[in-house]
Ligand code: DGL
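The chain below stands alone, shown as structure tokens; this is the form predicted on its own.
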Amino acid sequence: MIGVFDSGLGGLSVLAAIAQALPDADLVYLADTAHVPWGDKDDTFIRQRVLKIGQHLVEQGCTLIVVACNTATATAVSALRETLPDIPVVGVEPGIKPAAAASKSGRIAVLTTTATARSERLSRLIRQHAGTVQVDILPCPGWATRVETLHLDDPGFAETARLQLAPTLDAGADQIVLGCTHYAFLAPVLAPIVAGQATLLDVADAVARQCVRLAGACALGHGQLTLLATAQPERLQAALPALGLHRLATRLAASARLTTT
């Protein structure tokens, strides 16, 4: 069984890619909806939640863990791997390397939460993989919450995003990295803004490919999905059709339920 977790709905974008790549795998998704979003929390709090949730998923029988959150990966994936040395742990990191490799202008931008923007892990990714490419880091407060509340197509947001992206697009950025799993659900709004100037880059499929490499016996199951939440589990299940994730809904083994983690 593969365990996937995030603070809320964002990691469902990664879960969908994993479900498509591993159609027979049994999947558990845990949303820490009692504490969403993580992007504006301090590092100590995020680390505590990640370690507790990771341990809980192992206790549920998961033998592969996916941290489907850029903020949690940047803050705590190393600590989780130390805590669970016998369990493969896959993190989600902004696609700095592929974006830099694809850039023709020599400038890219990464859209992040506040916590990811300040993280040493992001700074290290840029040092290791950007080379001579200029990287604009754009914190996007409130964007994850917009996804959580399913306010995905507000015209006011489109204008706000346009103004936020304008300086980096005007400066020549031709690759826009979605540095938060929530932001994948905002792509329909963002794509027209960057059209003709830049490409949106998401890493969900790359994470799914890594899961395929590591899955082993996890790849063989009944193709079932279990949804867990630390608050308001009914919102988690109801969000699937709202986010266009109808295929995930067909894999549900049971209604979303609360966990005491």
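Note that the structure is predicted; figures quoted are calculated from it, not measured. Position 1 is the first residue in the sequence shown; the rest follow in order.
A second form of this protein, the form predicted in complex with D-glutamic acid, is not displayed here; the remarks below concern that form.
Proximity to D-glutamic acid in the model of the complex, taken as heavy atoms within 4.5 Å, picks out 70-78 from the listed stretches 70-78, 126-134, 153-161, 101-109.
With a 4.5 Å cutoff on heavy atoms, Gly54 does not count as touching D-glutamic acid in the model of the complex; it lies far away.
Taking the partner from the other structure, D-glutamic acid in the model of the complex has no heavy atom within 4.5 Å of any heavy atom of Ile176.
Although the partner is absent here, Val36 is a contact residue: one of its heavy atoms lies within 4.5 angstroms of D-glutamic acid in the model of the complex.
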